[in-house]
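Below you will find one chain, with nothing else, as structure tokens; this is the form predicted alone, and questions on how it binds or moves follow later.
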Amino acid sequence: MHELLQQIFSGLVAGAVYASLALALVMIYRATDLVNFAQGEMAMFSTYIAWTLVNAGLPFWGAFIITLLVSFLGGMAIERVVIRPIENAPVLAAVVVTIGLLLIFNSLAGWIYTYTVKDFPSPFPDRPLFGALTTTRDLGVIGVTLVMLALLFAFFRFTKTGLAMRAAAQNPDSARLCGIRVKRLLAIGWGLAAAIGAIAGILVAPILFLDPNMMSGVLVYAFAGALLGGIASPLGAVVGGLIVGVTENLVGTYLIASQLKLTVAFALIILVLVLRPNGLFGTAIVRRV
């Protein structure tokens, strides 16, 4: 029983990271109907920025905040320079562009920082708690994720910009008629998604170690969580990420070898697409012909 609870707590920690990245995927999808395959590599590159700042002598949380600001501005720039010119292009063209961004960020990180694995500091001590069921670092990861979710909820629920973004995501044409600057809000959405992805990268780097390929598996788990919860549902992204985290941890511990845990994510993706394409919290879209 102790080992089972330990695996569940560990899965929740991993799920918190997956939920963060899944939420970034959902935000961009809701705004543009586009799955950003470069989301993981953008998060990885942001984590390298944080690593550079920490090594330059900045306190961890100072580097954390600066990295989020740089990631936010970088996400807005990507939307303005790369995504906006192809907003009316076929879906396949947009997919190819995001895959191209993935390769560019991966190659840039390898060129600038090399492919040598690096240690990334954690702001939380790794002390066992509750009879070694979890650690202070694990609780810190969950705590940062919960604070981020609370701030996002407050932003979308109580701020004028957040409410405008929700309106633009629901019906862009009606939002334009109401005087909402939809294109500007799309850029802000990409910036927020980039910042959220940076949080996921910074949280997972002390666990996985830092290298240019560290987010490839995490992106698959996050994508599975987003699909499971509903690719257009922010709440679904969080719930789906947590479910995926616990599921892959338990299956990898008790049913299959840990080296095969990534197959759990692919299996979930296939099952969701076949059995419930709209996910747990998604809604079916009916189009009249």
Partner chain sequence: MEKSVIGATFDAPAVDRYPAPNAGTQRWIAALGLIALAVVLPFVVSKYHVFELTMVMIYAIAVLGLNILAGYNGQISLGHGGFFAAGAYTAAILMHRYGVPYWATLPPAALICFALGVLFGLPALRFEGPYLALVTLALALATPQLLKYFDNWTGGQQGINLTKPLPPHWLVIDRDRWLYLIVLAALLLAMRIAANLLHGRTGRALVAIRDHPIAAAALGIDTARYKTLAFGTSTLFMGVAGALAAIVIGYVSPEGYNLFLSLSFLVGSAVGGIATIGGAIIGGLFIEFVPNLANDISDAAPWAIYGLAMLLFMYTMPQGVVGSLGPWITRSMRQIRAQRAAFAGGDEEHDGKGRTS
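Computed from a prediction, not measured in an experiment: that's the story for all the values here. Throughout, rigid core stands for the largest set of C-alpha atoms superposing within 1.5 Å between the two forms. Positions refer to the first chain, counted from 1.
Below, we turn to the form predicted in complex with the partner chain, even though it does not appear here.
A.B. asks: If you check in the model of the complex, is residue 236 within 4.5 Å of the partner chain, heavy atoms only?
C.D. replies: No, no contact at 4.5 Å.
A.B. asks: May I ask you to check whether residue 29 falls inside a 4.5 Å heavy atom distance of the partner chain in the model of the complex?
C.D. replies: Yes, residue 29 is a contact residue.
A.B. asks: Is it the case that residue 121, even though its partner is missing from this view, gets within 4.5 Å of the partner chain in the model of the complex, heavy atoms only?
C.D. replies: Outside the cut-off, so no.
A.B. asks: How about residue 155 - does it come within 4.5 Å of the partner chain in the model of the complex, if we only consider non-hydrogen atoms?
C.D. replies: Because no heavy atom of residue 155 falls inside 4.5 Å of the partner chain in the model of the complex, the answer is no.
A.B. asks: Any idea which of 138-146, 67-75, 96-104, 193-201 reaches within 4.5 Å of the partner chain in the model of the complex, heavy atoms considered?
C.D. replies: That would be stretch 96-104.
A.B. asks: Which residue, 54, 251, 35, 243, is the contact with the partner chain in the model of the complex, using a 4.5 Å heavy atom cutoff?
C.D. replies: That would be 35.
A.B. asks: Whether 227, 231 and 266 jointly form a contact site for the partner chain in the model of the complex is the question; each needs a heavy atom within 4.5 Å.
C.D. replies: Yes, the whole trio is in contact, each within 4.5 Å by some heavy atom.
A.B. asks: Between 186-211 and the partner chain in the model of the complex, list the residues on our side with a heavy atom within 4.5 Å.
C.D. replies: Going through 186-211 in order - heavy atoms within 4.5 Å of the partner chain in the model of the complex - there are no hits.
A.B. asks: Core aligned, does the CA of residue 12 move at least 2 Å between the shown form and the other one?
C.D. replies: No, the C-alpha position differs by under 2 Å between the shown form and the other one.
A.B. asks: Spell out whether the Cα of residue 268 moves at least 2 Å between the shown form and the other one when the two forms are superposed on their rigid core.
C.D. replies: Comparing forms between the shown form and the other one, the residue 268 CA shifts at least 2 Å.
A.B. asks: Compared with this form, is the residue 247-residue 269 Cα separation smaller or larger in the model of the complex, the difference being 3 Å or more?
C.D. replies: Relative to the shown form, the pair is closer.
A.B. asks: Between residue 268 and residue 38, do the C-alpha atoms lie closer or farther in the model of the complex than in the shown form, with a difference of 3 angstroms or more?
C.D. replies: Pair moves farther apart in the model of the complex.
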